[in-house]
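Just the one chain here, the form predicted alone, laid out as structure tokens.
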């Protein structure tokens, strides 16, 4: 007979993790919440622009939840799973209402209604925002709710703890984790009846990105190596507007374009009326007249203009700079908000302050210099769900055909192929297809926690016994294996510098597996990945102490990053088409037959290698169509 209280572990202290913790605690279960950093410093705090939803003011302008659903599929180039997307977009207005009642200080109009801004991929103002620090405000509100359950003894936070490995029982079900306190270096197992991974993206694999430097993909890679599958790992979003930096890239939010910001490069027209590189491209932009500014997105996409989807804007900026039009002849374009009224600039205060702090220029007076940077992982851990057929809602433009959503509370919603192991937020692959629309990330994270948190609770409540009643040897074996890995790294004397190895990996992955991918360079990259795997066996640490050893934590994660990178490259090689963010100049068109499929990557532990399969994407409601954003 079970004697222990059932409990759930949530790994990740961002929006998805906090929302999941609250919902599971509401269901009466105990929650252990693990975060590598204090939860209020999780990467969700960096989200700037807003959160999408068809609330009543948006509906009055002619928008609907169905439009939001369709825009998300269109933006994802139809690689998304439609039932989860349908559910997410139809729950979005409820989520805005909930967060508003929690005290999130959304911007409001003079009449007191929630204000909205334009965002990429839509011609409707359906993005709700809190200045340009929306993620921070949402995160703080959910943290307050989590603290309520923490005070009641239902949630226990483990901040500064690193997830090392999932614990699986003899049937292959997840029964807990092994974690390590990155201050004291204590390592131990934590039993749980279900584990929710909410660990975000894998930006550090590409060296510099707009993600926090803790977003290394290591946790997802460890689950992958333990038997969880990856879905569409090759789908990595490159944001069109970021400030390159020595340590990382800093995002200049899409909110700048949503509020009327314009992208341009210095250029002049020749006798035939064609744009040519400016003879003085490094000149003070304030001295460049209007007729010597090429507004590339406005000219090429007259319908959406600066509101095209991110992959489209990224490629246009990248190609324009590659062709010699960049600021000063380099890899930079201008993002210009100087023409906007002060009232609008004030809404963007948070990001303008970031730009001024790191460049010294005031973007209210001088156009910002930007360039694309890795930003988001559409792919991630493969998940499943229970589909539910039902009649259309009033605003569903389904021509009377049935609607297919997710069954609320179904125990398998957003569970990986490993029973009891779930994936919420960015680490989940199902929602965004080949390109995520801006302001759908915050929505996805909160929706996963709110809608699918009860699924976790239902799964746990349906189990006959508690994980804590398992024989201790199940947990001890995983702890000992992780300690053996640690001991090997601490005693290594191979001489390979892990930071130099990571720098090389980041450069190669950025150069050959981001904006442009082609067979020749991808093959070279895959050969490099095999070299990195061999060289990793010879890494050695500069710090072998056992107190807050960051060298150990980074080097351990580096091995996992290389394995994840291999999956990304393999899927990039075998997807011989261009779809969303995945652009192949050797295969420049989208090819639905045979590539309207999920790239499904499984890890072969015996060979230490990925195995790629393709799985059909169900299309129960919307059929694929040409994706152009009104290009001329």
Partner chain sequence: MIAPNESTKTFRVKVKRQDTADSAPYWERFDVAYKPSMNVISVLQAIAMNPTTVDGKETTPPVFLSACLEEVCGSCTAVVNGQVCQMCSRLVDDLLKEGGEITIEPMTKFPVVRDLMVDRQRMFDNLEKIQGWVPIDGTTSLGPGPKETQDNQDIRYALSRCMTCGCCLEVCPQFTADNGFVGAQVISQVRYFNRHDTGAQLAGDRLDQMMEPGGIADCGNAQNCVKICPKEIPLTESIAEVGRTTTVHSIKKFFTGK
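Positions refer to the first chain, counted from 1. For clarity, every value in this text was computed on a predicted model and none was experimentally measured.
Below: the form predicted in complex with the partner chain, not depicted.
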*asked:* For the interface check, one of 265-273, 134-142, 427-435, 162-170 should have non-hydrogen atoms within 4.5 Å of the partner chain in the model of the complex; which one?
replied: 134-142
_is_contact(residue 394, the partner chain) in the model of the complex, heavy atom dist at most 4.5 Å_ = no
*Going by a heavy atom distance of 4.5 Å, is residue 328 a contact of the partner chain in the model of the complex?*
no
*asked:* in the model of the complex, does residue 40 come within 4.5 Å of the partner chain, counting heavy atoms only?
replied: yes
*With a 4.5 Å heavy atom cut-off, would you call residue 534 a contact of the partner chain in the model of the complex?*
no
*Looking at 289, 112, 495, 462, which is the one with a non-hydrogen atom within 4.5 Å of the partner chain in the model of the complex?*
112
*Could you check which residue among 106, 385, 512, 295 gets a heavy atom within 4.5 Å of the partner chain in the model of the complex?*
106
*Which residues within 529-560 place at least one heavy atom within 4.5 Å of the partner chain in the model of the complex?*
542, 543, 547, 548, 549, 550, 551
